[in-house]
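Here's a solo chain for you in structure tokens, the form predicted on its own.
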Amino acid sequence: MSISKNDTNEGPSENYEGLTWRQVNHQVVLNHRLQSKQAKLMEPVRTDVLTVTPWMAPIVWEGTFDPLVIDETFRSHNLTIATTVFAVGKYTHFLRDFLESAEKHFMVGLDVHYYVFTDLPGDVPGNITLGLGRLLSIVKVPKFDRWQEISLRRMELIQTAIEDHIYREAHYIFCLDVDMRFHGRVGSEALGRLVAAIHPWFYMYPRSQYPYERRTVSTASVPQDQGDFYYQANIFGGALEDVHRLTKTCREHLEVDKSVGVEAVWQEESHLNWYLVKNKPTKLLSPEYVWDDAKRGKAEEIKLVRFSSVIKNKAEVRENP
């Protein structure tokens, strides 16, 4: 693996579980809160959707933030956004479109370091033009016997990568699926301590219909009377130490399940949802940020599709049963 980012901009650090994190300047959080509040006073309030959770975390929709104010607040702090994406087997076919669309729309104006986890390094496009302050590194992973194993191992591999080197190189991290395409801005308005995206297929459903893992034999089990939203694992992120804690906990729970022969109904997504029931995200991204192209047409409340899953024949790209 090649790492070409230097470490000249380290700010105040904090030791957590043996790691010295590159800390997000607390003033960024303060400015973000004040500026967002100020911007909301100047913008029409969305009344057609929920814009804040019961625990007072913002839900980001088109029209709920001023991009100029948000960008001015964050860009002055020399932030680096680590971005993990898994392209294993035939999923390398999605890399070019993912990266080219990301360069147009993802965290534009901020430093971004893509970490491509793949078993086929030679299939990673070598002629993608990256903008100033944008880097790409390849992380070699083994070929897995089952496509579900990729999902089950993702938390472990992200945790390990954070511990090995990412903690020295970035302030925030986003974990994205490769079979996705950016269509519109996904920028600094998405940054927060712990960020999750509301699933586009379930955001209008009652909690009783969320596809949580319900079997108590699994560590991902969510009781019927618990849960707030159903989150999709296609995109989640936040400050490095918060995401490290999430991935470490999910990895440990996945290993406990495996030791007793249990696999959660939606693999790591089930464990992600369990974690976010117990540890509320500090910011939620609306379904604009995780749309599905298979949802024909666009719901009235979706003013702008920003990031979406592309339509594909899963049987063709999943090499194993």
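Numbering starts at 1 and runs along the sequence shown. Quick caveat, the model's predicted, so the values are computed rather than measured.
Not pictured, yet referred to below: the form predicted in complex with ligand GAL.
Every residue in F106, F182 and R185 with a non-hydrogen atom within 4.5 Å of ligand GAL in the model of the complex?
Looking in the model of the complex, the three residues F106, F182 and R185 all stay beyond 4.5 Å of ligand GAL (heavy atoms).
P125, P121, P211, G133: which sits within 4.5 Å of ligand GAL in the model of the complex by any heavy atom?
Going through each option in turn, the one that passes is P211.
May I ask you to choose, among H199, H244, R251, H171, the residue with a heavy atom within 4.5 Å of ligand GAL in the model of the complex?
By the 4.5 Å criterion, the partner-contacting residue is H199.
Is D257 one of the residues lying within 4.5 Å of ligand GAL in the model of the complex, judged by heavy atom distances?
No, D257 is distant from the partner.
Taking any heavy atom pair closer than or equal to 4.5 Å as contact, tell me whether E288 reaches ligand GAL in the model of the complex.
Heavy-atom contact with ligand GAL at 4.5 Å: absent for E288.
If you check in the model of the complex, is Y230 within 4.5 Å of ligand GAL, heavy atoms only?
Looking in the model of the complex, residue contacts with ligand GAL include Y230, since a heavy atom lies within 4.5 Å.
Region of this chain that lies against ligand GAL in the model of the complex, out of 266-274, 46-54, 60-68, 279-287 [heavy atom, 4.5 Å]
Contact criterion met by 266-274 only.
Out of 113-134, which residues reach within 4.5 Å of ligand GAL in the model of the complex, heavy atoms considered?
Not one residue comes within 4.5 Å of the partner.
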